[in-house]
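We've got the same protein chain twice here, in two forms, each standing alone as structure tokens: structure 1 and structure 2.
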Structure 1
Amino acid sequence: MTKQRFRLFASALALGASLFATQALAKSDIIIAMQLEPPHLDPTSAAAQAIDSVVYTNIFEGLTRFMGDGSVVPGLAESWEISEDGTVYTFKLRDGVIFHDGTTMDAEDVKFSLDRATAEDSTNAQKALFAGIESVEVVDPLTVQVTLKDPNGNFLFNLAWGDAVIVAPESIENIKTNPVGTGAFTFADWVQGDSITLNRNPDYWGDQPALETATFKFISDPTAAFAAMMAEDVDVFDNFPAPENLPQFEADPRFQVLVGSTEGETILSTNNKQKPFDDILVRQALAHAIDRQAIIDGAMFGYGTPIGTHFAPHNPAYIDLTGNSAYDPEKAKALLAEAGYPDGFATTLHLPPPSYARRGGEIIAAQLAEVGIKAEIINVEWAQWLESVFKGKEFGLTIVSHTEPMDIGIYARPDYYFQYESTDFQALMDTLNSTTDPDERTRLLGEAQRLIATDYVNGYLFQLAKLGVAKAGVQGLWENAPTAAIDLTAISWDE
């Protein structure tokens, strides 16, 4: 080979290597679109689903964690022992785990996190999950002992929630804008109103993820969401907000469509302490004024499963109670007349940004108008919803999907935003929490479903489907959503 040819050959090799390296780099990055931007990044102090979508398992980890199939597996706790009476849990922590700031994760951090969640001034949105904790004691740096007031068959499940992740006192002050956890990814940047970027954590205690960088891009408008995917400006759109466009993606070989289930019970949430909704006859009338299937077809283009109580249909303990509140506008009018509202009444309908709420709200308002209920639609941003509806309880009706796993226990909390108070239901939950026999737990869960259905606490609409769109080469995405999360640790590009 002549020198001239050798130089050309070497140059070609160099160019090919450069192109290969560029392609390899591109395949270690990903852009994931979401409709909602988190209000902040502290999962232990807010109810916003968008927070967990970004940080759960990626930045923050708990003692246990949910997998994509809904199972609960060890997280920062590699093992545990439970006392015979079911009240003492002794957790053995993983050795060598460090926070992203270089500090060691140990039993003191676990105690700090759980004590913070149970404190009187705790702002944890799911504080009730930790109410049964009597004490948290550090046995040694890698062993922590949690004593419960009573046995709780859900305790390991509860610890897998995003609200129960382990945080450190050294970094807690700035957790909302600079989250420091133990996860496989570190926080890199947040461009407000646009995107959040995470980088792979080289010091992660577990297996290194395939991705080096992940960018969460916020696109609230369904039309813009469709345009961004079609232009391939984003690689994945989690919970795609325009279900009417899914057939186009299914027919396009550049994309894959993932249709699964979520834990999202989508409800017409009702302020049980505000008149006239403090009257069960009015709540019953509300339930019979709603045509669930019309809402699913009109707002979700057929994606969604009707529900008649606050429970996921894919759960083995689910009972179909939709017949208890079947669409019957004439019965709704009669119930309103019996309650003293023959001409109906006026109320408010607060709608947060998700498509199921905005689109579904228009349909529900029209259905309510047919029986005389005039619902004034008030569109609110997510932060406004959290402040005025969730915290302030300043609403008549609202539509929201409760994506927390197995969360029927919220009906035992009279201070929860829809303000349902039933001593019978509270006692039922106490019994359930102290029961470990699977068959008895199933029976109690059925009883709980029936109680809130016959009390017509809320208008139970449908189970939210998980509708995802991704480029054909992306693998490892969760098809179902046992919790609100976009788990980056298993995502990779098909080579």
Structure 2
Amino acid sequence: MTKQRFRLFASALALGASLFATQALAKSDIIIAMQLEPPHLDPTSAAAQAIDSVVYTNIFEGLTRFMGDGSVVPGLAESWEISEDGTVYTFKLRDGVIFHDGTTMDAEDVKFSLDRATAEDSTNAQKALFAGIESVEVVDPLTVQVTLKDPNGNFLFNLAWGDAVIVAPESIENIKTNPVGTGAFTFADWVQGDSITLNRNPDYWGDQPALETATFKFISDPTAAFAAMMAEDVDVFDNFPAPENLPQFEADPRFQVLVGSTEGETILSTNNKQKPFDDILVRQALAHAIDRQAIIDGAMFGYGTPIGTHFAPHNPAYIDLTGNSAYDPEKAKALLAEAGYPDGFATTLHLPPPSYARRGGEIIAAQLAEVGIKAEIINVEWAQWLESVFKGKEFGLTIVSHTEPMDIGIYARPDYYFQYESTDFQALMDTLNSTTDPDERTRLLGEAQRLIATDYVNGYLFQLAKLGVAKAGVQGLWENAPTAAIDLTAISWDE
């Protein structure tokens, strides 16, 4: 064999080996579909969950972060110390963290981010999370001291929200279209109306993720979602919009179905200041007129957990109060008669676009009709709902899933759209906020759940399920949704 021939032979061998190697390597790209497209990519200035789905923990990170099971763990803050009185938090930042544009992440950036959220002209959709911050001080480049006005047992939890991620003054101007964070993925491309692509960040401070690129595709139509999954155009559908199709995916070995829980308490919101709902007997009658399981079966095809109060069942502090408002139409009729409405009354039922509301609303209207309450269904778009129901409080009943985590505190706001005014509850929340002892907090949360359940503030229906569909080989997807997020760092292919 001449030298040249040998070389040829060797390179052929090498080629063959490399071909084999690429085949043996696991897939490192993924296409994830979601229903809504983010309006822009700044999680700190909008409420749209689609923003967090794309950027949370992927592009942007906060001082703390949520894990898939809902626990809060250190993020950019390596550790922290809390003063005796619970008002001073000293955060130790991770060393060697750099933003995607090459600038260093340090205490100044943390101060900038928190000051920006609390500023007078702040457009943070969850500004209330930061309301308790008195001052933020830079101790040294890797140490930040946050002083609170009052102790707040929820502070580390609040910092894990997407609205509290750390951003840099150098890149803030174009954050909406070109987000620059510290996460394991960098922003690559956005074809508006179609898709967003992220690439792996080789300079990430933590473990390198298995994926090299991830594409988020936006498919809003439920039928199109089914077709895209079936034709294998996409690898994952986060929050699949058509629960009726899930059995078909379950039966197909090409796919896996992930059923988990969200933070969404789906409730029949009741205008507590409007007649006749200002009468607790009427609200109690309403509660007993509703058959939760029928709604879950009919509107959600069986997916969802019944709730008897405004609290997530997967939370350790949850207490099951469904028995307090068990389905009992006869009792409902008796209560209505006692309240002075033996023949029932007429009201309005405003339904926003999601299917839990539109489908659930039809069933609830029928159930209410059984006890004599005639609910006129009014279908509204979200913008209209916010304007007339949420802001204008012009409604009798409406169905909404409250998706913010740990949001029982809204019952302490008398100007909130369902207008529940209870000094007992407000006092309870004040005590809770200044309590840091975990056992005592659990007890207080239980008391709060009981209070709103026995006051029959709203009709408590079910905890919204998270329904994901994915190709069989995808691993590491979050089953539950403690916050809106698609954590790419955990995802890999098993092939």
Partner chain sequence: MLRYALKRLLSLTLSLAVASVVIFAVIEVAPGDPASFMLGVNAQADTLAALRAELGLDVSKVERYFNWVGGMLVGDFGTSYTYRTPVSQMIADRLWVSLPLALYALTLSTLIAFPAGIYAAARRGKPGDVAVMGATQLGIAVPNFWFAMMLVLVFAINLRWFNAGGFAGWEDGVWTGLHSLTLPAIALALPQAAILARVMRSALLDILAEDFMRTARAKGLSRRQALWRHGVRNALIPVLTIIGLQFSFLLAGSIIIEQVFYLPGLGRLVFQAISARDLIVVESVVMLLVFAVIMVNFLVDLAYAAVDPRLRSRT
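When a residue number appears, read it as a position in the sequence of structure 1, where counting begins at 1. Because the structure is predicted, anything quoted here is derived from the model rather than measured. Definition used throughout: the rigid core is the maximal C-alpha set that superposes within 1.5 Å between two forms.
By the stated condition, namely the form predicted alone, the first structure is the one that fits. Positional change of H40 between structure 1 and structure 2 stays under 2 Å at the C-alpha, relative to the superposed core. Comparing the forms between structure 1 and structure 2 on their rigid core, the Cα displacement of E362 reaches 2 Å or more. Two rigid parts make up the chain, and between structure 1 and structure 2 the smaller of them rotates against the larger by 20 degrees on C-alpha superposition.
For N458, the CA shift between structure 1 and structure 2 after superposing the rigid core equals 6.1 Å. In the rigid-core superposition between structure 1 and structure 2, residue position A317 carries a C-alpha shift of 3.2 Å. On the core-superposed pair, the CA position of Q284 changes by 8.6 Å between structure 1 and structure 2.
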